[in-house]
Structures are given as C-alpha cells and as structure tokens.
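Take a look at this single chain in structure tokens; it is the form predicted on its own.
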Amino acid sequence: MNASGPDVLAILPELLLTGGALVLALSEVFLRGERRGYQPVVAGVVSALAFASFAANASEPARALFGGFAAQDGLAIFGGATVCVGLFLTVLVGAGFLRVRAAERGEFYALLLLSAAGMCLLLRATDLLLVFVAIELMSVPTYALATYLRTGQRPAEAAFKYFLLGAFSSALFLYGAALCYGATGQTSLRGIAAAGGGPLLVAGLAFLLAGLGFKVAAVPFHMWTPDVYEGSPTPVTTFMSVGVKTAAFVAMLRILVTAFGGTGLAGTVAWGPVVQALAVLTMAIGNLFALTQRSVKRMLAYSSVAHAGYLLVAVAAAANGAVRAEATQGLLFYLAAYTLTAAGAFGAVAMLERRSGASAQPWDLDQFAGLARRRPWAAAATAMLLLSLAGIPPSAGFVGKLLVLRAAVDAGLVPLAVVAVLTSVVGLYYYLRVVVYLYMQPPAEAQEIPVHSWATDAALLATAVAVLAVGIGPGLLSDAATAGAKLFGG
C-alpha cells in the first residue's frame, strides 16, 4: 500500500479524531480532582474541526487513496460530515448526563472519538480488508461504552449481548470476505467487480450482507437492538443509533454497487431482491414491535430498526443503475435527517432521565406526561422531533422519506414503496402517542421538573430547529447529497 502526502492529508479528519482521543485519554492520567469540564469542550472542538476538514474537501474530484485501499469521494465526505455532526450532538447530550452522575472521565470521550475515527475510515474503505479493520475500530469502543456506567444489571447485559453478537457478525463478514477472495483472488471492490462470479462469490456476498445487517440493525439481525439501546447509557445509545447506522449503510452501498453492481460477472449476482426482502421485513417488524412498547427508549430502538428498513429501500433502488445516483442521494439525505432527528429524540430521553428522583423505569411513557406544563419549549422540541421521525411535513424526515420513495418508484419498485408508506402509517401511532402524553396527560403528583443542562438543552433545541428548517427549505442539504451521489458515481 503506497502512502503519499496528499493521501495522508485526505484522512486529516481521522487523524484529528484519533489525536483528540489520545489527548483526552492521556490527560486523564494527570488529573487529581473531579473537574472534567474541559473534556466535552475538547471533544466538541475536535468533532467540529473534523467536520470542517470534510467540508473543505467537498469540491475535490473523486480519487483513490493508498493504492486503491480507500477513496476520497462523495460518500466519504458527506457520510463523514454526518458522523461528525452526530458525534458533536452526542458530546452535548453526554456532557450534562455524565455530570449529574459524577461519571465524567476522559475515556468516555476518547472512546467516542476513536469509534468515530473508525466510522470515517469505514466510509472511505474500498478494500474488504480495510472494511473489516474499520468495522472493528468502530465497534470495539462502542462495546466498552455500552457498559460505561457499570451500575446495575442492564449495562452489563447490554455490553455482553452487543459484544457477543458483534463478534459473531464480524466473523460472518470476515468469512464472506474470505469467500470473495477465494472466488476472485481479490479483496479490492473494483478487483472483485472485474473478476469472475460463481456460487462461491454468491455465498461470500450472503455472508457480507449478514455481517453488515447486524450493524444496520436489519431484520433478522436486529435482536440485539432493543436490549442494547435500553441498557446502554443514553448518550451511547444516541451515538450507536446515528453514527454506526450512517457508516454501515454507506459501506453496504459501496460494497454492493462497486463490487456487485457493475457489468462484469460479479455484477450478475442478483442482490436487489434480497435487499428488498430485508427492507420489507425490517420495516414491518420494526414498526409492529414498536407499537407495544411503553418504554420510550425501547420504542426508539425498534423505531431505529424500522428506519433501517426505509434506508434499505434506497439501497434496493440503487440496484437499478438508471436511478443509482437518485437512490444514493435519497440515502445520504435520509441518513443526515435521521442523525439530526434521532440525536435530538434521545437527547429528550436523557433530559428526563437526569431527574434526581427518577424511578426504576425512567423511560416509561408516564415520565413524559405533562412535560408541556413544566418545560413548554422542551415539549415542543420533542414533539417536532417525533413528528419528523414519523415523516410528517414540514420536517426533514418527511423530505427524506419522499426522496427514498421517489427513487424506489423510479426504479420500478412500486410494491416496495407501497409497503414503506403503509408501515409509515403504522409508525404514526406510537410517535403520536408520546405527543399525546406530552400535551394531554397530567403529570404525576410526585414528578419533578427535569434538571437543567445547557449542553443537553442546546442539543435538543438545535436539532428541533434544524429538522424544521431542513423540512421547510431542504435545498442546501439536498444539493450536498446530490453532489455526494454524483461524486461517488464519478
């Protein structure tokens, strides 16, 4: 693998994130008191610098890096910027959450930054070996973060399930990569596309999809999601929901389109119908299971599964080369909209969870009852975010679903688009049920006003305003997603 100066400069965001993680981890050694206020500031500044680095490269032409192991293109730039936004919002949510629990430690933010570096590397990986390394760099820190608080049985159970199933999914992916190498003699995505096909390559693709299916929480690889989301600290759940999903979906699209979407023998593997089936199952099961949940955090976990189904609709549409750029645009826009919306929604959960007298069920619907009377602006922001998750206009979620559905219809996947619309209608119920509790249910007598944290409040307010602004005027984000899709196509 050849490394030149421009190649190293292209991965400046990853270097910034890794450097910030090392600074935060090493500085912890020299601290004696309990004051850790600088740590979220450092993590936030590093994430902002990484975002700026991605934005500065937005106009550059697509090119290969490190001898073809990685790429600097639209998927890497737009996806990396989205991950950095999700990281910044996670830092805001985590700052107040950890301070109330006296759990501020440098390793928390260091692990966040290291995982984000793995995500950014995964976004640009064009070789199966580098994809596997990036997945592990992304995943291992999140295994540790899942049990960061180490109090009670839930964090330990969440971390154990996440680690065990995560290791299993990594093994599946690695076995798939080995089968692809055995069939083609290549691990490069373009090398696989130019080589032959055959049953061994089909089996390799099946294992690759299974490994990535776990990361995106697609059915039937979603079983870990509700337990891990509920048992992990809420800021960690936020990061897993937005960052891991963005990186894994972009990696899935890149592998399917680059290695198996060309005109060579590898391109004859019909992966489109398989992704369509996964999309239908994921949308249906995610929404149906969310209907029965009284825990809002668990409901958002199943909602995350359902949104993975809508994103799979865009991936399925990308199997049609004629609308590939349109489907990629829809996928990128949806990922950015979901990052803003989900981060804010979990921020609202974290805000209520921080109350000093929280019950054993801090995420129960009753905890949201009457919030409009105690914190009117917080209730309005939460309602806006839930309506965006439901796809109600004018919101970023509505525009994202519209772009994905348009790509599916243009690709001739009308039945799949109909299923997406019907399952979205089902989702309206459990989102609007929370809104009803916010405004129409009286608060419990002993319920306290949520503890104020400027960081969490800022994250909640900023995401709600951004979701509304993007819904009213989606042009800027849509143009960026379009540019990213075209740059990837080039």
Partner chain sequence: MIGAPHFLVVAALLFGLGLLGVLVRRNALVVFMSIELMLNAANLTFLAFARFPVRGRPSLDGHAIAFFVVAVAAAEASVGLAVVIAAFRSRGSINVDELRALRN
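Positions refer to the first chain, counted from 1. Keep in mind that what you see is a predicted model, and the values were worked out from it rather than measured.
Just so you know, the form predicted in complex with its partner chain exists too; it's not on screen, but the next bit is about it.
*Asks:* May I ask you to state whether Pro220 is within 4.5 Å of its partner chain in the predicted complex, using heavy atom distances?
*Replies:* No, Pro220 sits far enough from its partner chain in the predicted complex that none of its heavy atoms falls within 4.5 Å.
*Asks:* State yes or no: in the predicted complex, is some non-hydrogen atom of Arg298 no more than 4.5 angstroms from a non-hydrogen atom of its partner chain?
*Replies:* Close contact exists here: in the predicted complex, Arg298 approaches its partner chain to within 4.5 Å, heavy atoms only.
*Asks:* Indicate whether its partner chain has at least one heavy atom within 4.5 Å of a heavy atom of Ala158 in the predicted complex.
*Replies:* Taking the distances in the predicted complex, the answer for Ala158 is yes, it comes within 4.5 Å of its partner chain.
*Asks:* Taking any heavy atom pair closer than or equal to 4.5 Å as contact, tell me whether Thr147 reaches its partner chain in the predicted complex.
*Replies:* Flag for Thr147 set to yes.
*Asks:* Go through Leu174, Ala319, Ala369, Leu281 and name the one with a heavy atom inside 4.5 Å of its partner chain in the predicted complex.
*Replies:* None of the other options qualify; the answer is Leu174.
*Asks:* Exactly one residue in Phe398, Trp271, Phe88, Phe163 has a non-hydrogen atom within 4.5 Å of its partner chain in the predicted complex; which is it?
*Replies:* Selected residue: Phe163.
*Asks:* Among 89-97, 70-78, 181-189, 337-345, which stretch has residues whose heavy atoms lie within 4.5 Å of its partner chain in the predicted complex?
*Replies:* Partner-contacting stretch among the options: 181-189.
*Asks:* Honest question, do Phe260, Val465 and Thr482 all end up within 4.5 Å of its partner chain in the predicted complex by heavy atom distance?
*Replies:* None of them does, since no heavy atom lies within 4.5 Å of the partner.
*Asks:* Judged by heavy atom distances of 4.5 Å or less, which residues of 278-316 approach its partner chain in the predicted complex?
*Replies:* Sequence-ordered list: Gln293, Arg298, Tyr302.
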